[in-house]
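First, one chain by itself in structure tokens, the form predicted on its own.
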């Protein structure tokens, strides 16, 4: 077995290979003058190949498909730590594509199985044409928080839809968990507060699968401080951080912002490598 990867998933791929005790195939990436992408896998491949690549933008999407084709004649497991197109998982308006379905079908071509990590909606797996298994980093995030020496933190989901994920994280440390309840005070004013627990004097950790613009989290942070929170932290699986989201959160008073390495960032404090390697061994 060898691991190959796209250009933006190099660090995670090496970590997965180290966990498995296998080599990473050297791969060259370039671009033609007209913008067309080029790659070449320089090392010979084994009978089984693990292809690692997050779909963070259109180039990453095309590069991942090119890499699958370059690894022909081997048994291929495709690891997609972050599938960006997964957020359009239904038709919200007439005439729209189901982008998650398009991406899943395209990435099923010439691979034997697929592994994803905290995909936006579990139901997306049915669009792959090969067996697909979604992993959760709740345990890894919980272990990370255990090492942060937080004083009886409240693990807080931004809404009820993310409450189960927050509960999985909280179970690791035996912490209390809750989710933010929105109450509309007027046509323009909304109050956000934990549904059950009081945050006064407590450290709060807001958890979610994705942090994109950070707008909701920034607003929630200001309200939590107004309700007496001692500190607010934010941690997620996929740190998209569009439009200056990281700075927006820190300026809103979030004490620390952490993500995993499904999208490789300077604040990637949690690694998906061990979880992915364990799934590959099965």
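Residue numbers count along the first chain shown, from 1. All values reported here derive from a predicted model rather than from experimental measurement.
Form predicted in complex with ligand R5P: not shown, discussed below.
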| query | finding |
| --- | --- |
| One stretch from 71-79, 208-216, 167-175, 124-132 that, in the predicted complex, holds residues within 4.5 Å of ligand R5P by heavy atom | 208-216 |
| Heavy atom of residue 120 within 4.5 Å of ligand R5P in the predicted complex | yes |
| Touches ligand R5P in the predicted complex: residue 87 (any heavy atom, 4.5 Å) | yes |
